[in-house]
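Next up: a single chain in structure tokens, the form predicted alone.
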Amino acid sequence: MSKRIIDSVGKRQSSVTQLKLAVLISGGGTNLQALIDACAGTDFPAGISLVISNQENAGGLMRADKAEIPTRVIRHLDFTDRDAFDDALTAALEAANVELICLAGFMRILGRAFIEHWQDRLINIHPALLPAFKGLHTHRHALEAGVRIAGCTVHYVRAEVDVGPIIAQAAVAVLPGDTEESLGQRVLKQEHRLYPLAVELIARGHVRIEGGNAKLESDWAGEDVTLINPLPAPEK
């Protein structure tokens, strides 16, 4: 296991009780950055206690360093099997007294024992409107299917990949001539808005698990929030 441990802590002060987060990454960490920016607000009810990457060259580690957030590199290649890797993750998370784990581009499938140990304390953001388009290459599959609306989902993690109670979703219109890249960029922009919102809802106690679904304490959107694509022709 890597010895890379940064013990610095952020100097930000908060006026609210903060839920202790860990963010698990494998890459550049743009969703991590969205969470860092949200947590910098004095009234945001969560703070990042630890960032863990399974890749020592992940760009997100520099984002955490800049924000003075403790980081760890735990390389999956350093372990003989997935259970041993998962156990090392759990040891690091428990040592940091983590209360909620946010997967943000963490490119490893976690084992059932790990997921069950952290049940309802482990969330993920997926670049599609689940339950549609699970797995990889979501934007390609959306374009191939000819859908008119795409988006992203924050959900609690369960043992089956991309399955679990849905906390929040954001939608974007699929435009004529869209490519995987252009659609992906618009969805990613919404991911950066959605992930902090979902964390805030959890941290403020507005989400509960009931009957296998995540229930909000009230209807935040209301019945008038609608996205139609293509738009109806204007009345003459």
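Residues carry their position along the shown sequence, with the first being 1. Small disclaimer: the values here were computed from a predicted structure and weren't measured.
The protein also exists as the form predicted together with a small molecule; that form is not presented, and the subsequent description refers to it.
- Contact with the small molecule in the predicted bound form, defined as a heavy atom within 4.5 Å, holds for exactly one of 70, 45, 196, 29, namely 29.
- Note on the interface: of 141-149, 85-93, 119-127, 72-80, the segment with non-hydrogen atoms within 4.5 angstroms of the small molecule in the predicted bound form is 119-127.
- Each of 105, 188 and 191 places at least one heavy atom within 4.5 Å of the small molecule in the predicted bound form.
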